[in-house]
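First, one chain by itself: the form predicted alone, in C-alpha cells.
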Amino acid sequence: MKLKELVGCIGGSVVCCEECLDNEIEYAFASDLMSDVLTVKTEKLLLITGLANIQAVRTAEMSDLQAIVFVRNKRVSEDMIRLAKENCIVLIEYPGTMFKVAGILYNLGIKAVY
C-alpha cells in the first residue's frame, strides 16, 4: 500500500517528506523501545511509536524505515523534521492510540513483522 493511501485511511497528518508518499509499505512494527526496532530487518516497514524525540528518527534512519507514525497526539520537533528530510523518512502525527492505528493498519492488509 502506498503511504499516501495509508495516511488517508488512518486520518494522520503528514509533517514532512510529502514527496516520499508514493513509497510502498508492506509491514508495520509498533514499539516505544528503539532497541527493539533496531532488531527488525524488514523492507517496506513503517514504525508506530509514542516516542516523539530525535532518537526515533535516528533509529528509523539506521533501520532504513520508510515512515514513522507518532501516536497519542505527540508532536515532532524541528530537529526531527530536519533529520527526516535528510533521509526521506515520512513523519506522520496521529491523534489516537498505538492500539487503534495498529488495528486499522492490520485491517488494511499491512502485515506484522512477527
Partner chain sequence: MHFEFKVQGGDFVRAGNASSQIKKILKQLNVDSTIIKRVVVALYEGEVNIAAHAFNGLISVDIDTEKIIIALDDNGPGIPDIGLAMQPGFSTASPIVREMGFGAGMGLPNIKDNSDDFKISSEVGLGTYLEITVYLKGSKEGE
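Positions refer to the first chain, counted from 1. These numbers come from a predicted model, not from an experiment.
Here the subject shifts to the form predicted in complex with its partner chain, a form of this protein not shown in this document.
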**Study point:** 4.5 Å heavy atom contact, E26 and its partner chain in the model of the complex
**Key:** no
Point to revise | Contact of K85 with its partner chain in the model of the complex (heavy atom, 4.5 Å) | key: no
Review point. Do N73 and its partner chain share at least one heavy atom pair within 4.5 Å in the model of the complex?
Key: no
Review point. Hey, in the model of the complex, is V40 touching its partner chain, heavy atoms inside 4.5 Å?
Key: yes
Practice item. Could you run down 35-58 and flag each residue that has a heavy atom within 4.5 Å of its partner chain in the model of the complex? Key: S35, D36, L38, T39, V40, K41, T42, L51, N53, I54, Q55, R58
